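Take a look at this single chain in structure tokens; it is the form predicted on its own.
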């Protein structure tokens, strides 16, 4: 029987599949947290999940509302201070994958979480970078999860909060940043990966039922396509069951 799923479920499951058993992963709240815990509960039971608050090896039974959620500390192997988290773990190169998202992104996977509009007279003032700029440059590689739309996928960012591959694709190398940067941009419509030469984010797979016209309607630049674009494998019954189960547990726990 054909499984029905939402675009958000497709995005979360696709992100989970990219994670490996041996990864040490810097987790974000929301879709990244759901993806990382789905991976832990399915194909990557030994993955090490780290949240910004200092919880290491956490195995939450429900998805946290924030990095300060007690569920993270209660189920962690250990909890360290935030300075130790950033200096020893992150800047020490001990984290293989970091998850990021943002209000806006450009074709080189630079992220804006600071302002929309002119910096001094913005249309919208956003929360800011937090630890994202350090995560972007110090994790071995970066996975980005974002729903597509022209307000989010923009031709030019008004402000770069977290560097992806720079404004030309060459800036990471020029600045001596040795980590890979964004290697996957996982959306509700498709998956991008950086072109080997230009570093422009390029579509490598399209989710089931999605057309190139839909992608164009939701992206402010003309997206590049790889030579061989595949259809993203649809969610399996197990993936959907596990994801929906942890989301249902989370909803029940937070409603109590």
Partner chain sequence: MAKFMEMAAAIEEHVHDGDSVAMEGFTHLIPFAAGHEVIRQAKKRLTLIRMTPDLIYDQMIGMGCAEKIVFSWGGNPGVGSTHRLRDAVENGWPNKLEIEEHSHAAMANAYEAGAANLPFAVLRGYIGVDLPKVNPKIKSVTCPYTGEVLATVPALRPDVGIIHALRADREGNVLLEGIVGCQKEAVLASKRTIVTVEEVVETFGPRSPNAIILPSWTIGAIVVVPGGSHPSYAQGYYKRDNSFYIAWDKISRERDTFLAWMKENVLEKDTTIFAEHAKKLGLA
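Every value quoted in this text rests on a predicted model; they were computed, and no experiment measured them. Residue numbers count along the first chain shown, from 1.
Omitted from view is the form predicted in complex with the partner chain, to which the following refers.
Contact check at 4.5 Å (heavy atoms) against the partner chain in the predicted complex: all three of 86, 134 and 138 pass.
With the partner chain omitted here, the record of contacts in the predicted complex names 46 to 54 of 32 to 40, 46 to 54, 202 to 210, 219 to 227, defined by a heavy atom within 4.5 Å. 76 is the sole member of 97, 154, 76, 146 with a non-hydrogen atom within 4.5 Å of the partner chain in the predicted complex. In the predicted complex, no heavy atom of residue 169 sits within 4.5 Å of the partner chain. Mapping the unseen interface onto this chain, residue 197 falls outside it, with no heavy atom inside 4.5 Å of the partner chain in the predicted complex. Contact check for residue 114: a non-hydrogen atom falls within 4.5 Å of the partner chain in the predicted complex. Taking the partner from the other structure, the partner chain in the predicted complex has a heavy atom within 4.5 Å of a heavy atom of residue 69.
Contacts to the partner chain in the predicted complex (heavy atom within 4.5 Å) from stretch 163 to 180: 163, 175, 177.
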